[in-house]
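Structure 1 and structure 2 below are the same protein chain in two forms, each given by itself as structure tokens.
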Structure 1
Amino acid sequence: MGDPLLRISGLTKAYPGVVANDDVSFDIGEAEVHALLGENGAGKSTLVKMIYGLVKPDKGGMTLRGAPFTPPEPRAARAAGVAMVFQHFSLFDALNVAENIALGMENPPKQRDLAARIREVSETYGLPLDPMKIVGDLSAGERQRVEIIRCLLQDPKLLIMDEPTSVLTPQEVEILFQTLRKLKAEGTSILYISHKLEEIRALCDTATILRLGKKVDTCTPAEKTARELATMMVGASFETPAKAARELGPVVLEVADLSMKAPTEFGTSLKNVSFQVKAGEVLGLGGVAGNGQDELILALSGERTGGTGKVMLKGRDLGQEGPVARRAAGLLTAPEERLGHAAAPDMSLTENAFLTAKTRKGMVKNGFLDWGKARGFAEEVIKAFDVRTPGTENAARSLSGGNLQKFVIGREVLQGPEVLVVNQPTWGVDAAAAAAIRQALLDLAAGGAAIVVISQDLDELMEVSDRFGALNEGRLSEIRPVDGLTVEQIGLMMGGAHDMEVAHVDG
């Protein structure tokens, strides 16, 4: 095999109360696709931040092609040939593609020359981009292309990718994989972080598994099943969610011809969205990010009103009611953005529990706040959903993304909603935690609640949903039973081909 491209030796990084990385060592070979696996809080993010120069290790070191590698900042990492595509895009909506890419370059060429180079590189790697197009008008998949092309213009030796397929349709995932295989064939190494274990098995040559900050194993993913990889990550086996047969009750939630203008220029207006959900039913709504998911949950939660159409809960029109009235009636929501929308970052878990549960859990009496009840409810959520935190008084921002997600979902589930609408319920959550969240949603449905799951994870939607619809440019496709739907048909529905013959399933 020869010498590795990047050698990581004994990297250690501690923060107050937690050791994020504990004596981690492994090699990334030349022209290798190397997976970094681990459950939430395992230390993956801290490790790649050290490689990319965002975080300085307390102990240990790295070599890049045999030379010491200690980047003090990302600029130095990029100069050495290390590039990174982050899970959260760092793009300016009001600027065009070329202008966004120029902002990430030390010495950008003239705009005309840069545009020509973008066209050339994007065509070469099968990721066509119009350099003059405004980023706010791009789909999520196209935005990711901007980030990837920005990295490829640096001619990197090592490309780090963090959850790169979470915003892509199945067809776009295949295009991305072709690009990554081409890069590998040309000699680029890739460090790939994903919770989608079948992707890891299909794409990656080697996997390093982290657990609680320590490296616990290395394997060849293609030689393992997804379940074996998940078990290596969590150190124990876990149950796959079981979608038990359920008797469906009457319609609980009915949305009829809901139209609402987007709140911003770059948002997506809802156009005549209609669907029904019965008691005990799980409706899955798929779609590439940016096709109206955020706008739909704002309209259902009551955070935005004033559109046309109806939102009916057991026959009661809630269309002009705000979030407090809708929650009191039993319509609860959990938005995608954990920090800042679903939870107040600097408030404690007790305070965050109070924010949405005060009415349904009786935390206010005669104008006085019952903090004991709020604390008790926060403790109940932490225990029931295995939220890893020192206690209820810790700030929301102190939790890892996955643990905060478990808290947010648990807080809503344990309020006993009539209807629960969740957007990206297991986004950025490890396999075991994702299984637990999905099972909690199925259990809630089994108890008679109506559930709407909005997600870009098609495996998730197929696992929990009874029926499926796709959002595209603010319109909702025909809703179909999940049984019998193929990934190809779903991908076409997500792409807006709502009325094609191919989307119909025989028998």
Structure 2
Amino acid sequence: MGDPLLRISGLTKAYPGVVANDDVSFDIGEAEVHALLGENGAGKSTLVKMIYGLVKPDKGGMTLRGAPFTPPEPRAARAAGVAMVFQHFSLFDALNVAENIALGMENPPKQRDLAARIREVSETYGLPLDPMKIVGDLSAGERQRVEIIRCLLQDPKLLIMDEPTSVLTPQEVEILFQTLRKLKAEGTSILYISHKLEEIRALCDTATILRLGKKVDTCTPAEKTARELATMMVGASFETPAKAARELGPVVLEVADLSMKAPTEFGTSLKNVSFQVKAGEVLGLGGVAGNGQDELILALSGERTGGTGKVMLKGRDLGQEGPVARRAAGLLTAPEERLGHAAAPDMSLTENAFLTAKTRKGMVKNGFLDWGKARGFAEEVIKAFDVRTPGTENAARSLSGGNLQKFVIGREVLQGPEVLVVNQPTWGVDAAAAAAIRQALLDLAAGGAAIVVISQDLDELMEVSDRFGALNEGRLSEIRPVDGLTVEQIGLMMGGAHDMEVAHVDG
């Protein structure tokens, strides 16, 4: 064999205060599925941005089939046969599928010809898609198809996929894997970025592991256990959260027949959502992104009222109360978006602690703020949850994702809630911090609180929940005990299948 498809040698990129990539070298062979594995902040994104011409390396170089490869911009990378499917920020909601695809091509054909080619490629690879649909109306899986087809129309030699499965149901993941295997069989190489170990073991031929910007190892993932890979990725072993046996108390939170119209054009309406959570219980709610998770947490936190149905806390209907009244009553929430929703990015940790804890922790006296108490509470959160920060007066924005998430969750947990609702508690958080957050939620439940975890990470839900339900187009599936639930059943629940079909699959 001669030169590999892409050889990366000694790539280095430093940003002020942090070295994102430090002397990274590896090869991607022809028709190889190569995994790039690492935690958030390990430098995976910077590395692929350099390959795709979005970021220029400080040092080091690349060769593509033996020829020097230094794309000054994405256009040059695309011309050389490198295509990329982004995780975020690369589709235009207000434009239709064909327009979105045309924007990613160098010389797009006329709209009508392009639509025909989109149909052709989408059928060849089993990715059905209507070229004239507005992208804002598509599901997450369909949006990803738009990106993939945009790449495939350019006959790439190397396809980069950045965390492609985080928004998909298990069934959609299987379809995606089939497409990728077919591409590989046709000679296309794939650089597959993920931190999901089982996926990498199932799909990838080779894996390069990054930690803190440095290459740790290149290995064959099928020969390693998930545990070994995780240890290489994190650099140390960490405790897996343990579920303690718990006594379930009476029903604390009861949501009955909750319906609410979508807040925006591209939102999801909640339709007759009903569930109960007992004291000491963790209810996990899964589902593909955009099926009503954000709307549900807004309805539970009280940020949006005006729906029909009930939100009962210990028999008291809070359905028409705002967030302050709900917090006072013991219904606490921690939304998904850390910067901007769960925390005010430019305010200090003390101020952020004050924002949600002022009532329950008595930080207001005669209309005046008690900053001493607020600071004390922020310190308590930082200490109890091992939040790495120089102090309470640092802006929330200055914390890393994992540390801020620990702060945001810890702030609610330490207020001693009756009910805690969290959305995506460990999204974009490194594995050790994620384990700590999950353990804190389990401990809180063991202390007698009722907990609702909304998440798109099925492994997480299986780890912490006692019972599981799935949201689909704003409807909640039947809720089942987690013990004995199979991946197939979960997939059908997420896809909105009825009990009959589940039963059929069982048999």
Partner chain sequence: MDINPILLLAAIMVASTPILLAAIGELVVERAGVLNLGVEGMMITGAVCGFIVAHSTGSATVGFIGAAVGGALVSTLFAVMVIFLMTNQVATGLALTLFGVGLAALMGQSYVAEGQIIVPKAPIPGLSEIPVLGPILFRHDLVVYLSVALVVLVWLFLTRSRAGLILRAIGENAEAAHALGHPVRLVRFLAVMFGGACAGLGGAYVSLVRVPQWIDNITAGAGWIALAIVVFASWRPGRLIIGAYLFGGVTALQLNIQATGLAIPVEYLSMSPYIATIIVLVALSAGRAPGSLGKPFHASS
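Here, residue number means position along structure 1's sequence, counting from 1. Only the largest set of C-alpha atoms that superpose within 1.5 Å between the two forms is called the rigid core. What you see is a predicted model; the values in this text were computed from it and never measured.
Here the chain appears twice, and structure 1 is the form predicted on its own. When two forms of a protein are overlaid on their rigid core, residues whose CA moves 2 Å or more are considered shifted, and Glu412 is one of them between structures 1 and 2. For Tyr125, the Cα coordinates differ by under 2 angstroms between structures 1 and 2 after the core has been superposed. For Lys157, a C-alpha deviation below 2 angstroms is recorded between structures 1 and 2 after rigid-core alignment. Core-based alignment between structures 1 and 2 gives a C-alpha movement of 3.5 Å at Ala329.
CA movement of Val381 between structures 1 and 2 equals 5.1 Å, with the two forms superposed on the rigid core.
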